[in-house]
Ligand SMILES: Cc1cc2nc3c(=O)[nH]c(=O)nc-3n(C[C@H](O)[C@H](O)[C@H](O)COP(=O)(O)O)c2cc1C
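Before any questions on how it binds or moves, here is one chain, the form predicted alone, in structure tokens.
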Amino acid sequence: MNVLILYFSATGNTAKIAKVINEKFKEEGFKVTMSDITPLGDRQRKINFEPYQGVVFGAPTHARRAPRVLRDWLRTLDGKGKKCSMFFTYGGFGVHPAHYSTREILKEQNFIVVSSADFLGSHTFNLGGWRALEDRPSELDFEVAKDYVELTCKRFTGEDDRILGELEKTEYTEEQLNFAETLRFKKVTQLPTRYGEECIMCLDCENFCPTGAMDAESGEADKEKCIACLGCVYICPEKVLKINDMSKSWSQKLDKEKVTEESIKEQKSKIYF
């Protein structure tokens, strides 16, 4: 049985989980194709779902939903009645309604969603000085990922013919969620930049950017295109790309969410069936 794993991973969390999922599917006897759809160019290629009996979509959450660029891309697909599953990574500050909203998109695109999961991961803004789940995902999360695959295998093969059940929605309106998403760009008050530092011009930042926002030559991101995923900062081999110091806003975030660093660490990855 052939399975396709498509994942969006700007700062590595989703990629780490996707790798574990890939290996576990192989252990279960599946033939797996895995593709990173983070770079803009890789989402512009047409995907033929015909050879696959199951498709897995992986993504981080941006303000409680899959990133807008990924949601828009999903709406271009035709699932042709294929079974699929989803998984999400998040930095400890709310994951719903990512499962519900993404499933609704996939259903509209003629996919049959059979399972989902979410996994804790180092928060994107740790690159600016936050301290949210710096050591995640860890073995704890990887074990949940393996269990998720075992259960998903049964639904892909038809041994378990059920589909994904009820999912948590949200008390927020679509307008509020859209506004929260734009706050990512306002919180990162300084767009990724080299601050004038020299670099080897490897072009990794420009080629990896999900929206084509980063200009390697100038070392600056286009403020109209940047989605504050910080993939360019994460992937820079010389670490010359940076954002502003966000460490002062870390305690403010904890106070706003009424949580502590310890309580965030106590959260667990979860499977949805």
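Remember, predicted model here, so these are calculated numbers, not experimental data. Numbers follow the displayed sequence, beginning with 1.
The next section is about a form of this same protein that is not shown, the form predicted in complex with this ligand.
Asker: Would this ligand be touched by all three of Gly79, Phe111 and Thr157 in the predicted complex, meaning a heavy atom each within 4.5 Å?
Answerer: No.
Asker: Within 4.5 Å, heavy atoms only, one stretch in 26 to 34, 46 to 54, 237 to 245, 220 to 228 touches this ligand in the predicted complex. Which?
Answerer: Stretch 220 to 228 is the one.
Asker: Just to confirm, Gly128 within 4.5 Å of this ligand in the predicted complex by heavy atoms?
Answerer: Because no heavy atom of Gly128 falls inside 4.5 Å of this ligand in the predicted complex, the answer is no.
Asker: Report yes if any heavy atom of Ser116 sits within 4.5 Å of a heavy atom of this ligand in the predicted complex; otherwise report no.
Answerer: Contact check for Ser116: no, nothing within 4.5 Å of this ligand in the predicted complex.
Asker: Is the gap between Tyr90 and this ligand in the predicted complex 4.5 Å or less for some heavy atom pair?
Answerer: So Tyr90 counts as contacting this ligand.
Asker: So in the predicted complex, does Lys83 come within 4.5 Å of this ligand, heavy atom to heavy atom?
Answerer: Looking in the predicted complex, residue contacts with this ligand do not include Lys83, since no heavy atom lies within 4.5 Å.
Asker: Just give me the residues of 35 to 69, first to last, that have a heavy atom within 4.5 Å of this ligand in the predicted complex.
Answerer: The stretch touches the partner through Pro60, Thr61, His62, Ala63, Arg64.
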